[in-house]
Each structure stands twice: as structure tokens, then as C-alpha cells.
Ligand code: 5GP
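Only one chain comes next, encoded as C-alpha cells, the form predicted on its own.
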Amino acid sequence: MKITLPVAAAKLRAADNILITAHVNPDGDALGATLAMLQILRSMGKNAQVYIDDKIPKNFSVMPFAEDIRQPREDEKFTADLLLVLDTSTDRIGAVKNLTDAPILNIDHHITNKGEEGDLYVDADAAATCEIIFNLCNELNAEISKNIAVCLYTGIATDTGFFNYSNTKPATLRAAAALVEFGVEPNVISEQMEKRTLQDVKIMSAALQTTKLFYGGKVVGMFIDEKLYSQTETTEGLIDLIRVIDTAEVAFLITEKEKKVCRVSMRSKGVEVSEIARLLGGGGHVRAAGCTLYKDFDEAKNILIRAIGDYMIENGWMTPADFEERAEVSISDFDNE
């Protein structure tokens, strides 16, 4: 059931033991929102704990209270009277779902979240779930400390590409400015998010070599197989290396996390990739979305490329001639141009 932000605040005030979670493969917004809420709820005297069913990218491990994040263990239970799901629908929280059967409060900004379980507050106009949490602080009369501000700013900044993406709105910038006034140092956060180990730089180089163009260059893809994935700390930011290609309307990254578990991230310059993701069992923003395909890597690649092509031709983003140029073109084919 969809609810208002004041009602969401009332449910948080009424609960004493709160389990906080977000989606698998957590990004800056998911981690910023969960860690900010952890601090807010504890400051209200609540027993709160964050569980994420995935590893935390190294860049984000320096965020305040990141060391408090737990991964669910098999057969583990958490006594809660509320499960707070942030930045995702409830079907993307993995094994955390098995920790409790408490009522669900879902707070999100993804337009594809239909709130199939529990109570949902969704604001698709918000650039990030952290922007919603910033507004929720007012409803809760919660004081924003510097540590809370750092978490919220990190989420907003990373989900807007440091205010470069089209989801950056006046309200987004006002929230970010207010957080800076609480002590956030934007340059420190951006420098931390940009840090890469030498190994990660090598992986970036190897990943770029997998780049292929499809449909006459209107679609560009990067392919991280299980072997390559096992060598990197994070795939965060890899898709940004190819989304800038001038001919591409859609960029995608497909990662084989393990056999028959392939994660997909998509970005676009206008195509509603959230619809493509939804058709494949995922969701997200209009221009930034993703899904997980439980298929072998080669089969998952073919399903994804076909789905993107079908959607683009059905919605006027490519011509039949483009569609016929489905054959992949490797980046190495351009070496001598």
C-alpha cells in the first residue's frame, strides 16, 4: 500500500526493533541511505541494525558506521517489529528477507517500484533515496550530524553522477547545499569515490577491451565474465567508461557474478531503460536501470541485446536498417581507424 512520508515517519517512531536493508550489489545511494537511517534511528533510542546481502565496495567502506553492516548468515534470525527496505523493491534484498517476518516499510525513489509487499513511500521525482531520507529527517525531527550528512551527500552525489545526470533538480541541489552546511566536504567524498587500486585500473583496461557495438552503434555493451569479476573489488563506474560513446543511445554492463547469475546495468541518453529492465524482471530509473538474469552468460547476453533492440525499434529509437545491424562490432576493429 502506498503511504505518505508523514505516515512513514509515524511507523518508524512506533517501532522499537528495526532491521534496515537495501538491494544486493549496493551502490552509494543504498549504502548512504541505510547508514544514515541507522544513525537516525539509534539517535531516537531504537534498536537498529543494517544487513546487506552482498559485499560492500571498498570505496564505500570508509563511510561512517560502515563497519556496522552485517551480511546474513544461513538460518540466522533478527527479532524485529519493522523491516525497513531502502532504495529498492523487496524482491532485490536477497537473503535478508529470511531474517525476519516483520511488517515491511519500503522507502524508494525508483519509478518501477510498485510496492507489492508492505507499505511503500516512493518519490520518483527525488534524485536519490538519500534525498528522501533528508526530507524524512524533518518529519522525524531528527538532528543531522556531520556523519549523517556525509552518508546522505554520498548517496545523492553518486546517484546523480556528482550532479551531472538529468535527475539533478533544484531540490537536489538545495539538499546537497544544506548537507554541506552540516560539515560535508564535497572534494573529500569525490576523491574517495574516484580512488582505484592498481588492480582495479588493470581490470578497467581489460573490461574496456570487451566493449562491443550493436545495432549500428546505437547500443554499446561491456562484458565482465566470472573470471574477470573474481579479480576486481567492484564494477562501480565501469559503465560510465562506455556510456559517453557518441553514437550510443543505450550502454549496458553485464557481469557474470557466478554461474547462471548475471547482473545487468543500463544507462541511456533518453531511452526508457527502466522499461527494458522491467521486462527482464528488474527496474530502476528512466535512464539508469538494471536487472539480474539467471542464465548462462552467453544466453543472458543474447537475451539482453535482443530485448534492448526490440524495445528500441518498437519505440522509434532505431530504424529497421539499424535493427538489421545487430551483429557485434568489437572495439579492436577500430584500432586502425
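Note that residue numbering follows the sequence shown and begins at 1. Everything numeric here is computed off the predicted structure, so don't read it as measured data.
The same protein has a further form, the form predicted together with the named molecule, not shown here; the description that follows concerns it.
K.L.:
With the named molecule left out here, work out from 300-308, 56-64, 35-43, 264-272 which stretch has heavy atoms within 4.5 Å of it in the model of the complex.
P.N.:
Contact criterion met by 264-272 only.
K.L.:
Does the named molecule come within 4.5 Å of any heavy atom of residue 312 in the model of the complex?
P.N.:
Although the named molecule is absent here, residue 312 would stay clear of it in the model of the complex, with no heavy atoms inside 4.5 Å.
K.L.:
Mark residue 292 yes when one of its heavy atoms lies within 4.5 Å of a heavy atom of the named molecule in the model of the complex, and no otherwise.
P.N.:
Answer yes; at least one heavy atom of residue 292 falls within 4.5 Å of the named molecule in the model of the complex.
K.L.:
Considering non-hydrogen atoms and a 4.5 Å limit, does the named molecule approach residue 110 in the model of the complex?
P.N.:
Result yes; residue 110 sits at the interface with the named molecule in the model of the complex.
K.L.:
Answer with yes or no whether residue 283 is in contact with the named molecule in the model of the complex, where contact means some heavy atom within 4.5 Å.
P.N.:
Yes, residue 283 lies within 4.5 Å of the named molecule in the model of the complex.
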